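What follows is a single chain, given as C-alpha cells, in the form predicted on its own.
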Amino acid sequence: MTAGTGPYDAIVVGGGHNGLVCAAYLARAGLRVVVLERRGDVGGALAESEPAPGYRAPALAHTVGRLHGRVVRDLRLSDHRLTLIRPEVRVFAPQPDGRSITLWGDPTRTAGDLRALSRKDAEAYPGFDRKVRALASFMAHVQAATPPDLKKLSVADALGGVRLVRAFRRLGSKAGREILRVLPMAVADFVGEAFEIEAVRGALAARGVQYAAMGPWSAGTTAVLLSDSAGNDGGAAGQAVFVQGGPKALADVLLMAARGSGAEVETAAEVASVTTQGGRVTGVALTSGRELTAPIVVSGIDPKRTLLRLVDPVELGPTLGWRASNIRTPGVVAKVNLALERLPRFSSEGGGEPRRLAGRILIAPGIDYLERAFDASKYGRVSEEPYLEVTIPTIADPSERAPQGGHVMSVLVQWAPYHLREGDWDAEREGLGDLVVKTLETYAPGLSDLVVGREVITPLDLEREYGLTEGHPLHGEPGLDQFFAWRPLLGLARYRMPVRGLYLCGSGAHPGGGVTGGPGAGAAREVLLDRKAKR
C-alpha cells in the first residue's frame, strides 16, 4: 500500500514492533501518521522464514516474554486476537553428564527438582527468586520513567525523580541497599553467592549475557538479568512466552492496531534521509525520489544508523557525529533454524518429555563454559563449544508451522561475532550450521538424522536484511554505559534527537530490550507532551 503525500503530523521510519506501537499511540491521539518500512512486510525482528517447505520458523525473535502488559492493554491487542502461550517450564538445561536442570514457572516446583542435585541449592532457590522479583520490580519503574535531562532538569524531571525515589523506598532498606550493590556486579558473582552447583549457576546466569557482547564475569551483567525480569513474572527462571501463530502473528496484530487507530502503513518504502530546514525536521526523502512532509519524524531504526545515515552531517555537527560513531553495537548473535521430521529426544533426565522441552532449552552447563565461549568471540571466533538458546515452538503451538508430526527448532547462537578475525560470514555460514547441529547432537543423539532442512542467519544477514548495525538485535549494547540516561548517548536519552522534531523509538532508545514495545510507547508519550507544550 502506498501512502499519500502528506502533509502528515508524524512520520515513523521503520515498521518494526516499536515503530508500529509508536504509530498506534500517536494515531490514537488524533495525529495523522504514516509508517514507512523498507522491507516488503512489517515486523522487523518478528519476521519468519522457511527452513524447509512447509516449515515456518522465527527469523530472530523466538519468544516475546518481555512484551509490556501496558502496551497490550492500551492498544487492546487482545481485541485483535493476540494469544500468548506460557508453558509451565521456563528452562530445560541438559548437562553433559546426563543430568538436567528444569526451571518451572513455580519456584517451589523448581526447588523440589533441585533437591536431587543439591539440598543447599534447593533451599536457596525460593529466596533467590523472591530477591530477583523484588529488585526487578524497581527496574520496572526505571524502565517506565523518561530519563532526566541531566544538563537542564525540568519540573517533569523532578517529579519523575520523586516517583523513582518512592519506588526505591518501597523496596525497603535491605532490598534498597542490595540493588545498589548488585547492579554493577558480574552475573557470575550474583548467582554464585546463592548456588553451589555449576549447572544451576549456568542456567540462571545465561539471561545476563543474552544478546550482549559480555560474558558472565563482565561487570554490569546482573543489571541485564534484572532488566530482563522487569515488568513480567519471570523471576529467577525468566520468561518463555510464545505468540500463537508465531512472531509474525504479533507483527500482524500490531499492524492491525496501528491501522485500526488511523495510521497509514507503507511497505517497500526506504527512507534515504530526514529533510530539515533551519535546524528543524521537515519530513523525509525516499530512495524512490518521493518526499513526504511532517514536522515530526520518529525513527524506529537503530540510533547509529539514524544519526549517521539519515541526518545531514552539517545538522549533526562533528562532535555529535563522532559520539554517534562510538555507540557500541558489537553484534554477537546468529540464528540457526532447523526443520525436523519429528521431535528430538534429549538423553538427559526428562529430555524425552515434550512438556520439559516446551520452554527455552539452554546449552549452558556452567559459568566456565559460558566464559570460554565469550572469550572466543573477543578474538573474532565462534567457540567450538557455543552457548545456545533453543526453542521448539511447535510443541506448545503447532499452528500449521510444520507438517504433521514435524517440528521447528529455533536456535540462537550467542557470541558469533560480526567481525570475524579470519574469513567472512558468507564463507563461514554453513560451518556455523554444522557446529550447531554437532553441539546439539551431543545432548540429543540422532538429531542430525531428523533434520530435513536448515537455515543459517549470520550477524551480517541481520544487518543486510533488517538494517541492524553490525547485526545487534538490541540496537546497541545493554551495558551500564548505555543504560537509562546514557541510552543511546548522554543528552539524547529522552527520545529526542539533536534535530528538533526528530525522535527515536527503537530498541536503541530507553529502556532498550528485545520485543517489549517500551521504547515505542515512551517515544510516543514524549512526542505528545511536546505537542501539548506548544499549544
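The structure displayed is predicted, hence computed values, not measured ones. Throughout, we count residues from 1 along the sequence that is shown.
Another form, the form predicted together with a small molecule, is not on view; read the next lines as being about it.
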item	value
Partner proximity in the model of the complex: K335 to the small molecule, non-hydrogen atom cutoff 4.5 Å	yes
Contact label in the model of the complex: R56 to the small molecule, heavy atom within 4.5 Å	no
Partner contact for H68 in the model of the complex: the small molecule, 4.5 angstroms, heavy atom	no
Distance check, R39 to the small molecule in the model of the complex, heavy atom within 4.5 Å	yes
Candidate stretches 24 to 32, 478 to 486, 465 to 473, 495 to 503 - the one whose heavy atoms come within 4.5 Å of the small molecule in the model of the complex	465 to 473
One residue of L255, V390, I301, I101 in contact with the small molecule, assessed in the model of the complex (non-hydrogen atom, 4.5 angstroms)	I301
Contact residue in the model of the complex, chosen from E270, D149, D434, E193 - any heavy atom within 4.5 Å of the small molecule	E270
